[in-house]
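Below sits a lone chain in structure tokens, taken as the form predicted on its own.
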Amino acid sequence: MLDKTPMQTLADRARAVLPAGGLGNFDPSIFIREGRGSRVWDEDGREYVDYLIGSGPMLLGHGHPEVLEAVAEQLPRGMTFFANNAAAVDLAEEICRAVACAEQVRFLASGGEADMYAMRLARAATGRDKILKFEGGYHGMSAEAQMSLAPTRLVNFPQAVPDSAGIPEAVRAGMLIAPFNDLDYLDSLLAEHGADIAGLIVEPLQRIIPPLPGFLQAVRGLCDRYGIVLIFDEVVTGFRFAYGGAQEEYGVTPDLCTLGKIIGGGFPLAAVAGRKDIMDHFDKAAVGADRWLMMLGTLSGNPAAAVAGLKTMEILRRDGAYGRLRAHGERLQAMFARHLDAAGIDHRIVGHPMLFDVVFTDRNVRSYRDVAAADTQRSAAFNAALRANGIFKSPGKVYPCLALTEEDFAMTEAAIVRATEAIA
């Protein structure tokens, strides 16, 4: 009998102690040993160009020396205190300078927490109960967010479909679901339910689907008309599309936004940011006990994450950083399109140069249902061939990073050629 590889041995151990043998995030058969710059290595020693980058936070690449130095200086002074610290104040001030909607900031440990509290803030601020989200939008793992995230059963709007066991029926009753990029439907829905809706939460780029021209501007106007708190989930797009995030890219300012990933520089950190009159609901002295929103978090605003985020953001402010990142993304998009077009394979490159993927379809992609109707088997085969040829990515996204090199692009193009041949 052949000896097992290190990853096979780890997989056996993981199945004994981890449900489904994994952490719940990614393919449990792969174990990453280390990352440096634009590359990662698995426990069997295979090397990959990394387009997963930790699901987004490692925008500078793995182990950036300046970030490591900042963290190394902080660690001997303390990792977390459950108390105010100067680094958290510095980070909050920089977020308020950078992000259009941010007058105040409250830190948390994960983007999912931030989304949950943003929806709760909308309820506290308006005194209303219902939340509106778009089908296919990802907003963490709260009960509200797990409504119509990836429904396999397509029902009539605005009915919500729970994506998880363990969610009370009452949560479904408090959620309304609309199709992304469909202004006519949204207008009619708000005409009927607008007075009952506390908040509308939206990813400005929904997973990889861009907003149609004018869509976010119209959503802003409708929220103003009906007194609805507009929440941009910028956990992914914040400090990625531009230093001011998708708000800067699309020219639309929400009432609240959620941030994560990049602001922690690879450490657990997220934030809710927004208008002071709404954020005041975190302050019992400002709003009174009945309107106060309690929030506690052991690692919220911890200084190790704060200094990593601050150094990451400082590097992103340097001349040309976003221009290089956009150029990297455009170059990758062109590679995919060139080889798939030459092979005559129906596809669309969907997204933004900073975040995109290939969808195997012959029609334009404007909503979750367009993605759901695409050729998922071909997509899975294509991604498997990319990984077999040294490309590490999620099943649904390509995250470019600033650490990519000419060698990485050459390796990527060779992998795209082989993956295209595999599915042609």
Ligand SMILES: Cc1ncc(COP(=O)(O)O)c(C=O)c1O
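One-based numbering along the sequence shown. Not measured: the values here are computed from a predicted model.
The protein also exists as the form predicted together with this ligand; that form is not presented, and the subsequent description refers to it.
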{"property": "All of 117, 130 and 199 with a heavy atom within 4.5 Å of this ligand in the predicted complex", "result": "no"}
{"property": "Segment that reaches this ligand in the predicted complex - one of 244 to 252, 215 to 223, 298 to 306, 109 to 117, heavy atoms within 4.5 Å", "result": "109 to 117"}
{"property": "Answer option from 236, 99, 230, 121, heavy atom within 4.5 Å of this ligand in the predicted complex", "result": "236"}
{"property": "Contact residue in the predicted complex, from 397, 366, 39, 64 (heavy atom within 4.5 Å of this ligand)", "result": "397"}
{"property": "Interface membership of residue 336, this ligand in the predicted complex, 4.5 Å heavy atom rule", "result": "no"}
{"property": "Residue 138, heavy atom within 4.5 angstroms of this ligand in the predicted complex", "result": "yes"}
{"property": "is_contact(residue 207, this ligand) in the predicted complex, heavy atom dist at most 4.5 Å", "result": "yes"}
